[in-house]
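This document opens with one chain alone, in structure tokens, the form predicted on its own.
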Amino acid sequence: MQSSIKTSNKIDIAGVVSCLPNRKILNFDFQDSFTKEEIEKVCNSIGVNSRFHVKEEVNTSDLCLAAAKHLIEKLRWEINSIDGIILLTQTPDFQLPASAFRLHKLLGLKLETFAFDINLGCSAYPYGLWLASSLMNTGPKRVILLAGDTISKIVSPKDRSTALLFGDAGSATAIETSSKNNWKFSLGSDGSGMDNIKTDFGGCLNMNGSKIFEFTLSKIPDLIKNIDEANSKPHDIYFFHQANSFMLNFIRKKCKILEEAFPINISEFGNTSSASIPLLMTDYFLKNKIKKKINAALVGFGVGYSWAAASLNIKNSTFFDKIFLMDT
């Protein structure tokens, strides 16, 4: 893996809010499709005990809208001060137009605000931070980065490799210019693996777990090395895409990362695709209040194949919250 590092200057995260559906799903709810022994085996392997799923009428943009409204209100941002919104999702509301336009309308954003979707999943969040910050280096002052997926809508309840793994979630991240603070990124793609996580139009998600595991082990240790070298030292904390617990712990040990610097929350929320890193961040910082500036690495990998890591500082003034979308 090449170690080319991309940099964005004078950018900060002002806040992050994650949003979950109010409907909690337990893996043992699937005993109509799998035996108790099969469920226990999968749970022990992937580390998921529960997830949250939307009802059919609830879309990805609904989760991201609730997160964005809550975030904007708590930060007291004027709506007209927002220069752009970017939605990261593989499960948009429509084939067209982009779901970002629905969010633009419902948030009441000004006509000069740019809005578009990006079709990325497991690596979406660090990729999105890179894209948003790169655009902001050209003039915009405030951008809302939205990341969310409702993967439950494209998963077969009879597919053991996916039915017991994926959850739904949305998020909103407020990004603004600052007087200092440089972000660093390491990004990559390999389209030769595209068939190993794939959904055809109108079909269900298909995933080759063994191939994904091979890809992860071949790429992610070098990715961690690259982003740590860009930071000139190991990071205080590593927020990884929540793929499955066995894979995450394997990588942590291989990369010699301390357990306390490597939070995992997949047991409660499952793999929430593009929303997994912001959900992990809000979950972690609500339980562990920031007392000083923290140097963090955000690491995503998976569908595409695609991988990305971001190195950035999180201030003790950064706002974090986790909310539930009611009546879903």
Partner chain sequence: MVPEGKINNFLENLAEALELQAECLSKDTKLDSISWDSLAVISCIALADEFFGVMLSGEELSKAITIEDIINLILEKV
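Numbering follows the first chain given and starts at 1. Since the model is a prediction, treat every value here as computed from it, not as a measurement.
The protein also exists as the form predicted in complex with its partner chain; that form is not presented, and the subsequent description refers to it.
Contact annotation: of the candidates 105, 141, 254, 225, the single residue with a non-hydrogen atom within 4.5 angstroms of its partner chain in the predicted complex is 254.
Between the options 110, 211, 198, 74, the residue in contact with its partner chain in the predicted complex by a heavy atom within 4.5 angstroms is 211.
In the predicted complex, residue 42 approaches its partner chain with a heavy atom inside 4.5 Å. Taking non-hydrogen atoms only, residue 246 approaches its partner chain to within 4.5 angstroms in the predicted complex. Shown alone here, residue 94 lies farther than 4.5 Å from its partner chain in the predicted complex, counting heavy atoms only. For the chain shown alone, residue 160 is a contact residue for its partner chain in the predicted complex, at least one non-hydrogen atom being within 4.5 angstroms.
Shown alone, this chain has one stretch from 169-177, 211-219, 127-135, 82-90 that lies within 4.5 Å of its partner chain in the predicted complex by heavy atoms: 211-219.
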